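The chain below stands alone and is given in structure tokens; this is the form predicted alone.
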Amino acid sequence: MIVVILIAALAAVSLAAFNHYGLKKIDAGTPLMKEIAAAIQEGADAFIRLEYRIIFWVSLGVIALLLIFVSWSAAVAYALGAFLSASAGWVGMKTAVIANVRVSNTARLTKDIGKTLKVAFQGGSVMGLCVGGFALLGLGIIYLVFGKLLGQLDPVNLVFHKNWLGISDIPFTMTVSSYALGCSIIAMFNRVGGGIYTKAADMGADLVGKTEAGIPEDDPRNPATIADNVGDNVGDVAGLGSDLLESFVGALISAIVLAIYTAYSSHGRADEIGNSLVQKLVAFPLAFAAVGLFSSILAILWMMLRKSSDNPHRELNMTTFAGASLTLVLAGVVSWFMFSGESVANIDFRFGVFSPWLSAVFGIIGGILIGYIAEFFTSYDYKPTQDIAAASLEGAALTITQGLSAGMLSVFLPVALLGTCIIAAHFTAGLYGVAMAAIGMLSFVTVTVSVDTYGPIADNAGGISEMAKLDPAVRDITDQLDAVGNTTAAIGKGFAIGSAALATLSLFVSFLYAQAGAASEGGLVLMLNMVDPLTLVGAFVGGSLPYLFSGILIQAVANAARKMVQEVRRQFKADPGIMAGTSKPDYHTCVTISSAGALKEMKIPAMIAVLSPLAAGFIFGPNFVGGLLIGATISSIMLALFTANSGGAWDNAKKYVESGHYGGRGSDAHKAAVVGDTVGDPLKDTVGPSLDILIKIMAVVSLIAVSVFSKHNLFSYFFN
């Protein structure tokens, strides 16, 4: 099985390398196109180097803490997770800036949307393959080196051990949790930093360029347009890749950790879980992920090799469904192969050896349905987004009001589906089934990330087409691809949010197991008293935390966007030749403003995610943290769905107007739609994607630290 896991990971990375170098062989177009692409690449490289320098020093501090308070294996696992997550974001971004100009040139030469789609998807597939390949490669290494070679999965080590400080934990659970923490920290910085960067530039370019100067979105006269295109790469590519890798790893380790704690809690009982079954429960999530990765590779190859139609939406949906369907079938075979011959009556497997597979199926179905709901509320093919576009005829106020309504209406059905999925998965395979449902949602993450990353590549290609003054037909092709990309991004966010809810629930149960184990070191009894004042107040505080987090993010975007607006206005006023087309704007200053704003503002949100459970734990103890996790999870899921869908709907409502409805580009309705899109920018691309990372970081940090603060907290010192 280890061989299969490593082969799947290496196959994905190899195909990513093949597609990356294949893209470089495609003609990049005219000298002006190459010059613009080089400026975008230079800006993206400069920002991510500065961001990763900050992350490096933060990670050194985290590694030191893990080394002191947990174990050297946890510190090494964290470093591996951080390195692989950062590498995935870096490679995906580098490929995107290579692909965007080639997508634009393919559209210029062929005027064929199907051929252009293939190039954009090839660029996106590198990010998807790196996400799936690096995530599984890291977990395979952890499983092989620490689990097998160093014996952390031996029966004698699947019990609570005390480290040199007297802190109790099960070694392998801390190792895999630290790996997930490494992935999560990188995802948080990439999502928050990239999100602030891209939205500051986007808002500055739109508010002055479109609404005040009346020039097109990516007009070369707009000083913020290069910064806007750089932002697509650092936020929507590097940030998205690290985010989905973190979600995938979080889902996998939630099942692994839960399996170990469930097995430990059965010690000494008549229904004790045997070691053979424990080993298979730990290994099954990795085998499932390997099957999903193989299926995704085949779906990507199928998309790249066959002839594409002129309907990009259908092509991308078919690729996603191909990956999901193949995963579903093969995973059933793996479930039968791994669990046949085992007695599973003691672990709530109601449908025998197929129970964990069936739970994952519920996750896949739930994810697809949540994706459909996101598509309904964000695509301009459907009434909610069309109504927002129609409201633009009456001005910006009603555009915003209609978008808020659509976003709020979009929350109920996904939450109801998540609840149904949790109940069905739990009935089928207990809490382990809930974790498997999260894995099911992300089992074909390689395909979904490939589809998601194609969107910003197409968006960048449109910007290059506009700036290079290509035939308007080229921009029409890239705009069609970009509009589909907005919808696929909203669908991808739905998968990430849904899986975050399921994975966080599993991690929360593991947190309770770890708390009980650290306290008793005997049979574990799960208990969290919701009427206990500490727990209840923790839930209240946790429910407010995502709003504090989101408010800080929106304020950070607004601060950077304000400076961007002032700079663009200054340049237009100081040099009338910019608007006349006789002089070139200063792009570099705008890139610097976005970079400085993002690097300055991204630290506090990341600190909130890491420090809030630690501060709560060391002051008030584990019951308060349990409530904190419940409140934060519930609040974050609602807020993430609302922000992602309302922002996506505003964006596509603007594109609906730009496609010729309600007066088209330059009309009063268009200006109102641009304002709505600008309001939605920080919601859909900064706040929404960061909230699912917030709750998983909080859950993982709590799981790692609970063995410490359950015994050492100020409240117990003074009141017990």
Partner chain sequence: MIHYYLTVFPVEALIASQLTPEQFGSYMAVGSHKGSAEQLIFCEVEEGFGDVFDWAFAKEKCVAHPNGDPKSTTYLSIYRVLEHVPLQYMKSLFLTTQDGRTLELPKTEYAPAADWKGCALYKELCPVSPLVASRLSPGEFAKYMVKDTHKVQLPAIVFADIRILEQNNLRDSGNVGTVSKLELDHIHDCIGQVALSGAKPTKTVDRSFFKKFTYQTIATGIYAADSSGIIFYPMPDAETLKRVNYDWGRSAYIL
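Quick caveat: nothing in here was measured; it's all calculated off a predicted structure. Residue numbers count along the first chain shown, from 1. Between two forms, the rigid core is defined as the largest C-alpha subset superposing within 1.5 Å.
If you look for the form predicted together with its partner chain, you will not find it shown, but the lines that follow are about it.
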Flag Thr30 as yes or no: does it have a non-hydrogen atom within 4.5 angstroms of any non-hydrogen atom of its partner chain in the model of the complex? no
4.5 angstroms heavy atom contact with its partner chain in the model of the complex for Leu611: no
Classify Lys34 as contacting or not contacting its partner chain in the model of the complex by the rule of any non-hydrogen atom within 4.5 angstroms, answering yes or no. no
Please determine whether Lys118 contacts its partner chain in the model of the complex, using a 4.5 Å cut-off between heavy atoms. no
Ala38, Asp45 and Pro585 each touching its partner chain in the model of the complex (heavy atom, 4.5 Å): no
Within 4.5 angstroms, counting heavy atoms, which one of the listed stretches 334-342, 570-578, 229-237, 119-127 is next to its partner chain in the model of the complex? 570-578
The listed residue (Val70, Ala672, Val687, Val657) that reaches within 4.5 Å of its partner chain in the model of the complex by any heavy atom is Val657
Residue (of Gly352, Gly214, Gly274, Gly151) lying close to its partner chain in the model of the complex, criterion heavy atoms within 4.5 Å: Gly214
Even though the chain is shown alone, can you say which residues of 648-672 have a heavy atom within 4.5 Å of its partner chain in the model of the complex? Tyr656, Val657, Glu658, Gly660, His661, Tyr662, Gly663, Gly664, Arg665, Gly666, Ser667, Asp668, Lys671
Superposing on the rigid core, is the CA of Ala653 displaced by 2 Å or more between this form and the one not shown? yes
Is it true that Glu42 shifts between this form and the one not shown by 2 Å or more at the Cα, once the core is aligned? no
Exceeds or equals 2 Å, Cα of Asp586 between this form and the one not shown, core fit: no
